[in-house]
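Just so you know, structure 1 and structure 2 below are the same protein chain in two forms, each on its own as structure tokens.
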Structure 1
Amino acid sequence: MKKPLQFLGSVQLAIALIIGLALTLTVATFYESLHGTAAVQYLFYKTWWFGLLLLLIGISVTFAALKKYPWKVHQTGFVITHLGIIILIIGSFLTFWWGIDANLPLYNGEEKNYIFTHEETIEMSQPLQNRKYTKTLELGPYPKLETIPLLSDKKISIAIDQYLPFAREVNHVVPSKTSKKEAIQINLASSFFNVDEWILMNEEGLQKIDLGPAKIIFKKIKNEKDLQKFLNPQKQKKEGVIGKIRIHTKDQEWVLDIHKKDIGKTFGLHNSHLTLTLLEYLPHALVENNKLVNKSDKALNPALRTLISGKEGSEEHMSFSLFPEFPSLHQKTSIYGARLLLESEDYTDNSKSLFIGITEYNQLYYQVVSSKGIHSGKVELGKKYKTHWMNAEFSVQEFLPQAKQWTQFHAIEVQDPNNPKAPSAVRLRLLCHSCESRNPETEYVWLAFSETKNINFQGEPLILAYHPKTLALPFNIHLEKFEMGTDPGTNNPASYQSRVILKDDSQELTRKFLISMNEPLTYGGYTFYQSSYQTDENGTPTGSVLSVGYDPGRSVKYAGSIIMVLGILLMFFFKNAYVNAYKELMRRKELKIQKQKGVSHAILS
């Protein structure tokens, strides 16, 4: 029994373990540099054998200290150091098992009472039966082709049969007997380019695709009158008409028809205290020297400057009909929560477009708009027609009267695995055991990360979701605003901060906090740190990402660290001091004893 214990506490084993750990870690860091953080966590740091290695070190350290029991004075530093390491390792295991490392993304104004962990879940609900299953997974950064069963009952079974850590969405148009949508494949070719493009009709009966310099529009022709209009269009542009202006406020909406002669006039808005003044119409708006000016009378970029006035004051808006997503009010927020949209009827569309019309009887017609005027006619599959744009020709290659979109994911190689810019995706296989339907086919559903899909499987609605795992918080966090400061004269971010409101109903507490870099918020054992932010397409911050930590091992680790450092200090630098002090103490004690003995001797004698 003594021998194995001696071995566990031996300095030889200690050296082997130290070097073993050092080499493992060296390999791990190089692996991380090549394959990313997720991969190294999955293959090294979060594996059972790595935990075992740390445990072994803990055991070795423990026995090394125990072996020398009863400890002598000069071993004090050594024992304290080793005790510190043991406590530190215990603390790490506590964190590993019970700690939480999660995320809390919030948009400005959003409130949440749950957080996202780094684990992934697949959620399957059957709303008709009021049933819900959740399965937590750790899929890692490598593709998986084996089947991972998720759920199996009498009726259906669901399993993951493909997992792609980095995936790209590929859309196909495929025939479908249950669909009511039509699809065409268009080929556009010239000596410079040759493109094939599928277009699937949408609910509104008008589908557009933009191919850069040209547009293709696939639309439904409802009746004979429509068809005549399609084949013989008349360019109709009413003189003096600007178009419509649409005014949205928090709770109301108005639409006004406006003419060029209305500029300068003021209109009252129905059922409100607001008035709208049309200040200026810029048919060809352009920014020059930081100023918006009108370049010509041609309606190439129509814009309208307006003034909204009401009880609480007035504010100026600028609306661009080509850029409806632009906020009409710059920088400030509107007092009335107003947004103004200009729908121009004046706009001269000089771009090239190809219309493909489809009648109720599935007959196809075309209409080409170019600088050479408008050409139209009937479409025969496969036949080439002139577009009059750069000598390009188009043809309708294929026509599917009943088609649907089929989304698939392909695995891709990512350049930087730590910033893959590609979601992970799983393919679910749904099998029906007791289906009464004649052909109980297997069905496949692709889900990208953070995606929820409503599907109809053998007559039963199913909701499938592939999400990060959520954990409930015992309180709510509301993000008022995320703010970013920059270095003077540059766009380099200098500071990030989130203004949040913490609401804890059980404590009847509502308090404002400011979370900034290096200044976290700690509440109820959870700590919230500023970690990142969310932006819109223009790069303007729209929200914050907080990382959330919960670490039951923290105080243990801190205690271990302090003890260890103290131990090293004693062992290396104060050994002589305390050994001498001890000797001195012993010497005095002995002297005392001797003196006492001497005294007693004296008495005795």
Structure 2
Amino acid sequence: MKKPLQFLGSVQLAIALIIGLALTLTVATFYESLHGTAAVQYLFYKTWWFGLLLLLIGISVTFAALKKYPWKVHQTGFVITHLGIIILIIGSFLTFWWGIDANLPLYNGEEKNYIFTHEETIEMSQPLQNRKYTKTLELGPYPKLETIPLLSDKKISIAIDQYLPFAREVNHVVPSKTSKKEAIQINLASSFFNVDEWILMNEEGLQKIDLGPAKIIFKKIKNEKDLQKFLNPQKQKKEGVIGKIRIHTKDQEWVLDIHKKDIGKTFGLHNSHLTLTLLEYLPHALVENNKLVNKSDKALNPALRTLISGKEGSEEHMSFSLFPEFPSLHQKTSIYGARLLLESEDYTDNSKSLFIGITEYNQLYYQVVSSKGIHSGKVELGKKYKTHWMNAEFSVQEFLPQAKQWTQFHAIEVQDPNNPKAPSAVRLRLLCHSCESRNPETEYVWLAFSETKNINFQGEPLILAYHPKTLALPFNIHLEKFEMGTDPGTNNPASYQSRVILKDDSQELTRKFLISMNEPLTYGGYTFYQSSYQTDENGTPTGSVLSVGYDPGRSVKYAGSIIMVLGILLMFFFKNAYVNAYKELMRRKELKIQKQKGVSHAILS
């Protein structure tokens, strides 16, 4: 028992462990510079063997100190230095097991009492069975093409079969027997370009894309009257007519013909308690100084501001004829689940536009808008038609009466792993065990990081989410305003700061703080650093991103470092004592040798 204890406290073991730690840190530093922080954490600092290495160093230091017990006065620095190392290692373990590295994104005016860690989770919900499962992933920043089980019961099983840490999204349009959406493949070609693009109809029946050379609009033609308007728009256009407004709620739909003289009037919606007020018509809507204004009476970008009123209150909506994909102001939070779509007949744009219309009988028609007027007709698949701009021709290569969008992801390499600007993605494999067919049905679903999908698998609704792991805060953080300073004469960011309000109900505390790049906020063991910011589509800052650190071992590590430095200073202070003790030890050994020689000489004589 004595020899193993002596070995644990031996200088040889201590030197070997220190060399091992130094080599590990050297390799890890170079590896981090090449592959990023996440990679080095996954392969080095958060592994069991690195924790074991630190533990062995702590054990070696402890036994090295105990070997010299009882300690002499001149060994005070030696003992304190070893104590500091032990405390430092204990603090490192506290950080390793209970430390938190997270972030807190906030929009101006937003308040949260939770943070997002760098851990990734898959959440699976079965609403009909009122069940929810959460799985924390530990996959690291490396692609994996192996099966990772997530959920399995009598009916279905869900597993990850592909994981891509850095991925690029690729969308395909494919046939689908269950879809109610149509799709066309358009080819637009000239001597300068050749573009192929799939267009999938949306729920509103009007899909618009911009191919660069021209705008392509794929729309539904409801009836024969609308078809005649589509083929002969100039003949059908009437003075003072705006068009139609379609109102969709959770369970009803209304279509109203509207004229310019109707602006300011209120209309009741048939068989409901709702009313619609036409507040303002903007034929040429533009945003100036963050405000929507009307630039002219020419209908270049028709927009309609309306008010829906009912028993539960009133809400304002803004609908754009050319941009039906833009949500109205309150669409996402509408108390009536309302969506409004403006179909303008007042549109007078003579720019390069191509309309492809589809009737209820799946017949395709085209309408080309150019400076030479409007040309229209019936579409035959594969046939080329002139656009009258840039010597370009178009053709509809393929038509799918029932189609859906299929999203895939491909692995990519990134220049900066610490700022990849590319999401991670997982492919889930859903397997049905209770299906009637002999072979179990399988379906694959791709999820990008921070994405949630609602799907129906074999008659059962499922909610699948791939999100960062959240942790609750014991207090609330409210962002009053994010402020960004710029370099003089440029738009280059020079400084960030966030004005926040901290609310702690348990302490009855409400206090304002300013978090800047050099002034973090520390409260309740959490430290909030100014990290980055959020922007809108125009690049205007709309919120802040705070880095959050929680390190329960920080004070212990600081204490250990201070104690270790104090011990080293004391070792220098007792340096002469060490030298004298060594000389005394050597003198005693010499006397012992001489004494032994004298005894031996006496025996021989």
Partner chain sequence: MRFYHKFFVSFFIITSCAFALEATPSVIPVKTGILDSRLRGNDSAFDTLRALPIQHGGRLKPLDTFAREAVQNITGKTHFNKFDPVELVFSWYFDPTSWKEVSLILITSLELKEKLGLVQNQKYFSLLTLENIKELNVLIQNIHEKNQREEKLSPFEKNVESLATQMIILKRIFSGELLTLLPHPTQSKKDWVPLHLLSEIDFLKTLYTEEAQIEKLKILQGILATLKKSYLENNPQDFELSTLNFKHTLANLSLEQGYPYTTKINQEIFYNRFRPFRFAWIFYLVAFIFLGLFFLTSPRHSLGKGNPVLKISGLSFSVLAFLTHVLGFYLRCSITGHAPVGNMYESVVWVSLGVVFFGFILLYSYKNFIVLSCAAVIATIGLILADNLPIILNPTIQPLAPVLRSNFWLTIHVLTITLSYSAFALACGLGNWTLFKFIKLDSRLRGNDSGNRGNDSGDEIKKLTTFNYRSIQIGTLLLAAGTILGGVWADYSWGRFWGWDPKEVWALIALLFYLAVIHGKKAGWLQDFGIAAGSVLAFQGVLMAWYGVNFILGVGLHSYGFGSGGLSYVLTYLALQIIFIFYAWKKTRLSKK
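Structure 1's sequence is the ruler for residue numbers, which start at 1. The term rigid core refers to the most C-alpha atoms you can superpose between the two forms while keeping them within 1.5 Å. Everything quoted here is computed from the prediction, not taken from an experiment.
Quick check: structure 1 or structure 2 for the form predicted alone?
Structure 2, which is the form predicted alone, differs in this respect from structure 1.
Per-residue C-alpha change between structures 1 and 2, K421, threshold 2 Å, rigid core fit
Not so; K421 is displaced by less than 2 Å.
Do you see a C-alpha shift of 2 Å or more at N476 between structures 1 and 2, with the core held fixed?
Shift at N476: 2 Å or more after core fit.
Kindly check if the Cα atom of F457 is displaced 2 angstroms or more between structures 1 and 2 relative to the superposed rigid core.
No, the C-alpha moves less than 2 Å.
Keeping the rigid core fixed, work out how far the Cα of Y114 travels between structures 1 and 2, to one decimal in Å.
Displacement of the alpha carbon, after core fit: 2.4 Å.
By how many angstrom is the CA atom of T527 displaced between structures 1 and 2 after fitting on the core?
For T527, the alpha-carbon shift amounts to 4.1 Å.
Core-aligned, what does the C-alpha of R246 shift between structures 1 and 2, expressed in angstrom?
Between its two positions, the C-alpha of R246 lies 16.2 Å apart after core fitting.
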